[in-house]
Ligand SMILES: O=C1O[C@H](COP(=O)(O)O)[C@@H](O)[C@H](O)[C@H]1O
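Only one chain is given next, in structure tokens, and it is the form predicted alone.
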């Protein structure tokens, strides 16, 4: 078991509606803290129910996790189940395939079994692919009407999208499906499958990772509000789970809300 979080008095965790916004000097300091958070939630899940379920996203998270998770001592992933919060409908050897990137950069470095990775079937149509992936998830979580992941790792685009849930898109209002197809993604490639809000918001823990100065304006809108409808990332509010935003100083540049700055050795 990893030690429990320990904060100096000047960085007592700030909880706003269950949300914690944690700022690191740079992505280099953020990465190790993210890896420790993943490992600590894995320890907790394994004690509670004998398996750790992790939802992965693409983008900068791939390289960050692929560097930091294998560096953890005594990491045992033999009882992990990894799924994908969204996926592009492309062959696994395509550079846009999130599964393909993780397979080459992370899964080959850790002892997660092949049966512990739930990937899409890219040979199917986008509609069939979404239905097939929803079936795979339900089979992996047979006791739950909607699969409850122990941890979802999410990114956010400069437009405020997360997963493949984009601003003003009809999928934002999806209430029945746990995985939905999208054929008109504003960001290429256009065909994707994505978890929907009913599933995302049931997770036991959701962690956003957002770095770089280009994210500062949208991060301020998502975390502090603004005019118009809430952006997709702002609609991620776990009903009974934890919510973390792990960000670096450039991304936090425009924020006025109170945040945590626990330092690079933080264990969240």
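Note that the coordinates shown come from a computational prediction; the quantities given were computed from them, not determined experimentally. Numbering follows the first chain given and starts at 1.
What comes next is about the form predicted in complex with the ligand, which does not appear here.
- This chain lacks the partner; the member of 79, 187, 109, 135 within 4.5 angstroms of the ligand in the predicted complex by a non-hydrogen atom is 187.
- Here is the short version: of 100, 181, 116, 157, the single residue with a heavy atom within 4.5 Å of the ligand in the predicted complex is 157.
- Stretch-level contact analysis of 196-204, 56-64, 27-35, 41-49 against the ligand in the predicted complex, using heavy atoms and a 4.5 Å limit, identifies 56-64.
- Residue contact with the ligand in the predicted complex: residue 150 places no heavy atom within 4.5 Å of it.
- Residues of 65-95 that come within 4.5 Å of the ligand in the predicted complex, judged by any heavy atom, are 86, 88 in sequence order.
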